[in-house]
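Only one chain is shown below, in C-alpha cells, and it's the form predicted on its own.
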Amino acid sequence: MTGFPDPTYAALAARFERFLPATLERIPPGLLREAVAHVLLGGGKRFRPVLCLAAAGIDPGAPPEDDGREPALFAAAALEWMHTYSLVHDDLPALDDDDWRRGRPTLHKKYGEATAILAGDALHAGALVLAAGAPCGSEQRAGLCALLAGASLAMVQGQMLDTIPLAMKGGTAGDAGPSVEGILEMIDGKTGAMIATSLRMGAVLAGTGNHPGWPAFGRLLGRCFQLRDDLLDVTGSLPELGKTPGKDARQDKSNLVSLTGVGDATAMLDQLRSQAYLVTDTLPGDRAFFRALVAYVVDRTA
C-alpha cells in the first residue's frame, strides 16, 4: 500500500504476492485461468490478505520454501479470491457497470460478460477450496471456511441493500428515504464483513479468534474504508483511483456523503477514526501496526 508509514505492510504484501500466483494452479490452463489471472494478479492494495497475515502474526520475511506450509497464506489467498469475485460481479452492467478496475479494463470489457460471470463463480468456489486446503488442523480449517462463507453471504446482502430503491435504505419500504443507520447497515455487509473476517481468519490461526476486539475493530475499519472511498469518489480522478469516479452520483445511489454532505461525512470519518483507535488498544498482536492502519485508511488518497 503506497504511502503506508509502517514497513510491515509492504513486507506482508510482498510475501503474499510471492505466494498468490501459485494458487491459480487450481484452475486448468485455458481461457478461464487467463481471465482469473487478469483480475487476480492485476495489483491492488491486498488490504484483506495483509489484515489476515497481521492478525495471524506471521513472519513477513520468511524464505519462499516456508510459504507452502504457512496456513495464513492460504487463508489470505482465499480472502483475496473471494474479494476479487465480488469486484468482478460488481463491475458487471447489471450492477455498477464499470469499465475500469485497478487501472485496467474490467473483466467483462476485456473478455465479455459470460466469461466474467464464470470467472467470478470460479473465484468464489476457489476461495473456499483454498480455505479448506490450508495446512492446519481440521477444526481450524472448518473455522476458516465457516467465516469466509458467512462473510460472503453478508457481503451479498450488503450489495443487495445497495441495489434496491432508495426508499428501502431506511429499513422499511414505507420510509421516506435513506438514513444514516440504513447506509451503515449496508456498509457493514458490503465492505465491513470481509474486512472483519480477514482479521478473524488470521486470529483463528493465531489462537485469538474469540477475542471480541476483532469483529468490533473490523466493523469500524470497514466503515472508515467505505466512507473514505465515498469521499474519494467525489474528489478523486481515474488515474488516482484506478476506477471511474462519480459512479454513485450518476447511478443515483445514496451513500453517507450524498446524504450528509462532504463536511458532515468528513466529521463522521474523524469520529470513526477515534472509535477505531480505542478498539486497537484492546487487540492482541501488533497494536501499533493496526493503529497506523486506521490512520492510513482514513487519510489515503487512492
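For clarity, every value in this text was computed on a predicted model and none was experimentally measured. Just count from 1 along the sequence shown to find any residue number.
This next part talks about the form predicted in complex with a further copy of the same chain, which is not shown.
- Of the stretches 220-228, 125-133, 187-195, 206-214, only 125-133 has residues with a heavy atom within 4.5 Å of a further copy of the same chain in the model of the complex.
- At a distance threshold of 4.5 angstroms between non-hydrogen atoms, Glu139 is in contact with a further copy of the same chain in the model of the complex.
- In the model of the complex, a further copy of the same chain lies within 4.5 Å of some heavy atom of Cys145.
- In the model of the complex, at least one heavy atom of Leu31 sits within 4.5 Å of a heavy atom of a further copy of the same chain.
- Heavy atoms of Leu232 never reach within 4.5 Å of a further copy of the same chain in the model of the complex, leaving it off the interface.
- Contact annotation for the candidate site: Thr266, Arg273 and Val294 all lie away from a further copy of the same chain in the model of the complex (no heavy atom within 4.5 Å).
- Of all the residues from 58-89, those having a non-hydrogen atom no more than 4.5 Å from a further copy of the same chain in the model of the complex are Tyr85, His89.
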